[in-house]
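A single chain comes next, written as structure tokens; it is the form predicted on its own.
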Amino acid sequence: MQLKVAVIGAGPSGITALKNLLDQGISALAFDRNEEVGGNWIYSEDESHSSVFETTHIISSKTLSQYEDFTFDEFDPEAADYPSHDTLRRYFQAYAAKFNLYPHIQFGTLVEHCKRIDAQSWEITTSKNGLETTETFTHLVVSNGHHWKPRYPDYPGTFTGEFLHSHNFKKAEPFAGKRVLVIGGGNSACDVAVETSRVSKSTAISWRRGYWIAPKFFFGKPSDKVAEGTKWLPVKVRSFFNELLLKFFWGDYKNYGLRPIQEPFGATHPTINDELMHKIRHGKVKPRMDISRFEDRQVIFEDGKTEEYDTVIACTGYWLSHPFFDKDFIDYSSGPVPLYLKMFHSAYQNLYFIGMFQPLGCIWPGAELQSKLMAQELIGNWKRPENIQELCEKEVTHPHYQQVNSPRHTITVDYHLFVKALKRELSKASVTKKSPRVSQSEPVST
């Protein structure tokens, strides 16, 4: 059977999926709503698919945030330990150019609907410039990302000031002289609080629980590189030492006015931020409890404190969304997500999810390994386990971390354990000579 694969998305996960398919001589075409490679990392001051803002830097270090097939040393030996969004955009576009992916990407194209016909075919409907097109593919690769559909909080009452999601936050200047409240304790929330505090009249940050905050550097090294030295330890032991190190580094959260942490390390996604504690201790960011309700421009917190704000910025995460699937076919928006290695569905062998996981680290090194494993299966060098149903269920019942019951924590993996598992499966693939690539001058037609 002649394979013909559709890839949804040309972000960091989509381009490595496309590259590894083409490496094995598999005909493939990627669709992306943007006009360039990069997904969320294409910064624009206009509201768009992008979720980065003007000063965004990655929160994992470059050596643990690169493709094996195209390292940062090859791209830019002088790249910073934590590259900016612009450096990352150029990195992804250089990757696409190096491996000649552009002829196989259809930009400005929205995937409207995907219907699985049978084990050998998908009917994919796309739209471009108002024109719909339907075409048949043998396999579908979903790499549409999971940081693009904002999730808003729900509190009693109505806030009559400016209310927005961090997805719509692009730069700090519009909040100059304003009284700003940031909701959340994740990476976006802490970054937004720090950035707005540079120009606002006042900035406060509301937490509903205590969050583990990790600095970007320990002992002069990126914190994830320091943590890498303990990857051989069991997760529980590593988590115990992480707790000790962070408690020693920051001291008692009471000294910052922050609510204490009730859950063990890993029960929630840790936040990587060097500046929040500094801003709090210098009076630039005011810690606040969870919100009880809104009354016009007033916010009443759970401890009874009442304050008036001009702007509330909700940094409350994103929905896991696949709008091109019928709801009764696949809907992971509320969890659970029973996929083996976060990519293989137990019932549909011609469907792959690439990059739909949230590591305590970076996504695309794992997405690259997923893509290699997918390609090996498609050319017959690797076969998925016969007990795939059992393994999919185990992904849900035996996660790497026992996390709080929240839609945000349905796809979390331990970076090192996940990479190890993927490499173990790749090592089982029989070694054969690569098939020639599809002619770069003859991309898949639509």
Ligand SMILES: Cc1cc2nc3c(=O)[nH]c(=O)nc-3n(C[C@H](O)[C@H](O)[C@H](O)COP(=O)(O)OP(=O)(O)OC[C@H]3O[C@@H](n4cnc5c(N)ncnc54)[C@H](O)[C@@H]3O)c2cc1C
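Computed from a predicted model, the values in this text were never measured in an experiment. Residue indices: 1-based, along the sequence shown.
Beyond what is shown, the protein has a form predicted together with this ligand; the following relates to that form.
Asker: What is the one choice in 188, 371, 206, 196 with a heavy atom within 4.5 Å of this ligand in the predicted complex?
Answerer: It is 188.
Asker: Among the candidate residues 270, 184, 145, 222, which is the single one with a non-hydrogen atom no more than 4.5 Å from this ligand in the predicted complex?
Answerer: It is 145 that has a heavy atom within 4.5 Å of the partner.
Asker: Heavy atom to heavy atom, is residue 239 within 4.5 Å of this ligand in the predicted complex?
Answerer: No, residue 239 sits far enough from this ligand in the predicted complex that none of its heavy atoms falls within 4.5 Å.
Asker: Can you tell me if residue 164 lies within 4.5 angstroms of this ligand in the predicted complex, counting non-hydrogen atoms only?
Answerer: So residue 164 does not count as contacting this ligand.
Asker: Does at least one non-hydrogen atom of residue 79 fall within 4.5 angstroms of this ligand in the predicted complex?
Answerer: Output for residue 79 is no: heavy atoms all beyond 4.5 Å of this ligand.
Asker: Are any of the heavy atoms in residue 10 no more than 4.5 Å from a heavy atom of this ligand in the predicted complex?
Answerer: Because a heavy atom of residue 10 falls inside 4.5 Å of this ligand in the predicted complex, the answer is yes.
Asker: If we take heavy atoms and a 4.5 Å cut-off, which stretch out of 253-261, 152-160, 70-78, 104-112 is in contact with this ligand in the predicted complex?
Answerer: Of the stretches listed, the one contacting the partner is 104-112.
Asker: Check each residue of 19-39 against this ligand in the predicted complex and list those with a heavy atom within 4.5 Å, in sequence order.
Answerer: Result: 31, 32, 33, 34, 38, 39.
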